[in-house]
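Given as structure tokens, the chain that follows is alone and in the form predicted on its own.
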Amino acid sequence: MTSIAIHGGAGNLDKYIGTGRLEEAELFLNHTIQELHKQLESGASALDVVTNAVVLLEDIGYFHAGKGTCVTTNGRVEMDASIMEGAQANAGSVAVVSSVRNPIRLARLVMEQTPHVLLVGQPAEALAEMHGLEFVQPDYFVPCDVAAVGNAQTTSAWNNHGTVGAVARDKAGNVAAATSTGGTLHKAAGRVGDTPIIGAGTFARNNVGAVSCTGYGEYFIRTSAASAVVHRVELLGESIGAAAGAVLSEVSAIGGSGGMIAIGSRGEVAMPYSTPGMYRASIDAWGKKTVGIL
């Protein structure tokens, strides 16, 4: 049985009430989750579907990833992404890339075309150029907050974090996870959070589960959040929902916040969050569709 879940980040989304952004995002999430589910039902692999999902989330500009990324303290965009498949534990990630349109495509290139897991900065972009990925100019990026609420938005970066991600289970029972981000809003130049760290922001293991995280990355790194969920299921026998909730509680206990999406071995879905809202949508193995924001 196939299942799919996507997220567009967790945070203080109530600031968008009255701007029309929440309604636009909900329509987008509803349409997108249905299209992705159709791909899985048509026989597409979990790895391809999570890639396709994150490309769509990067391109729409509603979220702080891809097109919606804002500049760092050095005035440049710095994006991170990662992807992992559950059959062989293959993974790839990139950090501090500035001109590749879809960092998730580059993360997959790292996984499939190099012996490495993580590439950073210019060497990562050289790989993208070598394989013909699309590059964009600085004016391509329209920070999601400016687009939604205007230039008057001055809320502290540490109250604004955005990441996009997807997890899926295909007809063959394979699972995969993918995550992409522009980081915390107006982050320090060179800062890297959990998104490109396999085991912190992204993790997948067949017959156990797949996880993509969003939130204050430093806390998700400190708790190895994504892999911790999978290990709790595998070693403690917890359900995917119980494991995700327990790990998110650990994140909160040390001062962090955020959310995650997770799929279990039977295609069950969990989407807990500890912030005022999280852009999220899923269709589980029994066909139940869930779309939510606040």
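What you see is a predicted model, and the numbers here were worked out from it, not measured in a lab. Note that residue numbering follows the sequence shown and begins at 1.
Not pictured, yet referred to below: the form predicted in complex with a small molecule.
For the candidate spot formed by E58, T69 and P103, no residue has a non-hydrogen atom within 4.5 angstroms of the small molecule in the model of the complex.
For the chain shown alone, G183 is a contact residue for the small molecule in the model of the complex, at least one non-hydrogen atom being within 4.5 angstroms. By the criterion of a heavy atom within 4.5 Å, G86 is excluded from the residues contacting the small molecule in the model of the complex. Although the partner is absent here, F141 is not a contact residue: none of its heavy atoms lies within 4.5 angstroms of the small molecule in the model of the complex. Using a 4.5 angstroms limit between non-hydrogen atoms, G162 touches the small molecule in the model of the complex. Only one of 168-176, 107-115, 120-128, 213-221 lies within 4.5 Å of the small molecule in the model of the complex by heavy atoms, and it is 213-221.
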